[in-house]
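The chain below stands alone and is given as C-alpha cells, in the form predicted on its own.
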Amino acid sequence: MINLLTPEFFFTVIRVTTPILFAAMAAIICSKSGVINIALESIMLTAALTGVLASGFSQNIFIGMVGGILGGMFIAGALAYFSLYLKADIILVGIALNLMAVGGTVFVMFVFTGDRGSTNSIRSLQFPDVNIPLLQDIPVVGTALSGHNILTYLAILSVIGVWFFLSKTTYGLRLRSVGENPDAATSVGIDVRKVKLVALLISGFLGAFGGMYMSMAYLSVFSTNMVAGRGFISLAAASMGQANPFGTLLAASFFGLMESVSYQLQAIGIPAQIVGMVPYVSVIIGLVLYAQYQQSLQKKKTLSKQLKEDPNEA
C-alpha cells in the first residue's frame, strides 16, 4: 500500500530533490544572463565522476569536492569557449557535451580504475549527514527535516544565495541587465561576453554539487549515466519557476515528489519500466500545464490592453 503521509516519505522527497535543486539554481543563473545551459547533464555527470576519483585516490573529502567542482566547471568552461568565443550554437554544443560525457565518463572511469559499470574498486568518501540540534528531537518534523546530508542543506541555502546574488548585489544586477538587454548593457560599458562567461562558470560550480551529491552522498560510487536526465529536469524546473529561485524550489520539489512516488510504486510491485517513466512523464505534464497557464495569462494581458486602447471593442 502506498503511504505518502509519513515523515520517511517527506525525508525521501527532500533527499531526491537535492540534485535537481542544485542544477535548477545553475539554470537560473544562466537564464538571467541570457544563455541556456543545456549542458547541465554533462556538468553533473562529469562532477560526479571527478569527485569520486579525487576523493577515492586521495582519501580526502575536501580534495574530492575540489575535484568535482573543477570537473563541472571544466564542462561549463568548454561550453562558454565554444559558444561565446568560437560562436558555435550553444544548444548544439550543449548536446555534444552531454553525449560526450555519457561515453567519456565511462572511458575515464575504466582508465583510472579498470571498472566498467561503477567505481567499485576504489573507496569513495561521502559528505557527512547532519542532525540539526533541537529540530531532530521534534516528533515527525525532526524525522523529515533532520539527518539529511550536508549537501541537502547547502542546496536549500543556495536558493537564498542565488536570490540574494541576483537581487541584491551589483554584479547580479549587471548579470540580469545583460540577459534583458545586452545592447543597452554594452552601451554603458559592460562586457557582455565576460558576464555570460562568469554566469556559465557559476552554473558549472552549482551543477557540480548536484553531480557530487549523486555519487558522494546519495550513493557512494559513480555508475554509468547515473544522473539519468536530472539536468534536463532541472531546466524544466527553472522554466516552470519562471527563473525565480523560490518558484523554482517549488517546481524542483514537485519533481522530487514524483520521483519519490515512483519509489513507492516500485515497492508495491508495479513493473520497473512503468515506474521509471513517472518522473519524466511528470515533467511533460508539468510543462504542458505551465504552457497553458502562460497562454491564459497572455490572453488576459492582450484583452486588457485592447480594453484600454478601445473600450468599445470588448
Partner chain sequence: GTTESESDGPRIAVFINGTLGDKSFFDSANLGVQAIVDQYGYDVRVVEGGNDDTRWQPALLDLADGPYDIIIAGTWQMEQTVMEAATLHPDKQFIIFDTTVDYSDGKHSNVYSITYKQNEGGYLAGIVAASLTETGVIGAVGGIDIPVINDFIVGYIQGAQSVNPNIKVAISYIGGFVDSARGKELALAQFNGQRADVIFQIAGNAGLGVLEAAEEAGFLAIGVDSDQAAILAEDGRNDVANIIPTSVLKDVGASLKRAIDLNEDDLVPWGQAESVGLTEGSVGIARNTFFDALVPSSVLPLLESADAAIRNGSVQVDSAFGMDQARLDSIRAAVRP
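Values in this document were obtained by computation on a predicted structure and should not be read as measured data. Residue numbers count along the first chain shown, from 1.
Just so you know, the form predicted together with the partner chain exists too; it's not on screen, but the next bit is about it.
Enquirer: Please identify the residue among M73, L197, V221, A243 with any heavy atom within 4.5 Å of the partner chain in the predicted complex.
Expert: The residue in contact is V221.
Enquirer: So in the predicted complex, is the partner chain close enough to M214 to count as touching (4.5 Å, heavy atoms)?
Expert: Yes, M214 is a contact residue.
Enquirer: Taking the shortest heavy atom distance, is N131 within 4.5 Å of the partner chain in the predicted complex?
Expert: The answer is no: N131 has no heavy atom within 4.5 Å of the partner chain.
Enquirer: Looking at the partner-bound form in the predicted complex, is Q264 within 4.5 Å of the partner chain by any heavy atom?
Expert: So Q264 counts as contacting the partner chain.
Enquirer: Residue-level contact is defined here as any heavy atom of the residue lying within 4.5 Å of the partner chain in the predicted complex; does F57 satisfy this criterion?
Expert: Judged by the heavy-atom cut-off of 4.5 Å, F57 is well away from the partner chain in the predicted complex.
Enquirer: V16, A228 and Y280: each with a heavy atom within 4.5 Å of the partner chain in the predicted complex?
Expert: Looking in the predicted complex, the three residues V16, A228 and Y280 all sit within 4.5 Å of the partner chain (heavy atoms).
Enquirer: Thinking of the partner chain in the predicted complex, which stretch from 115-123, 131-139, 198-206, 151-159 has heavy atoms inside 4.5 Å of it?
Expert: Only one stretch qualifies here: 115-123.
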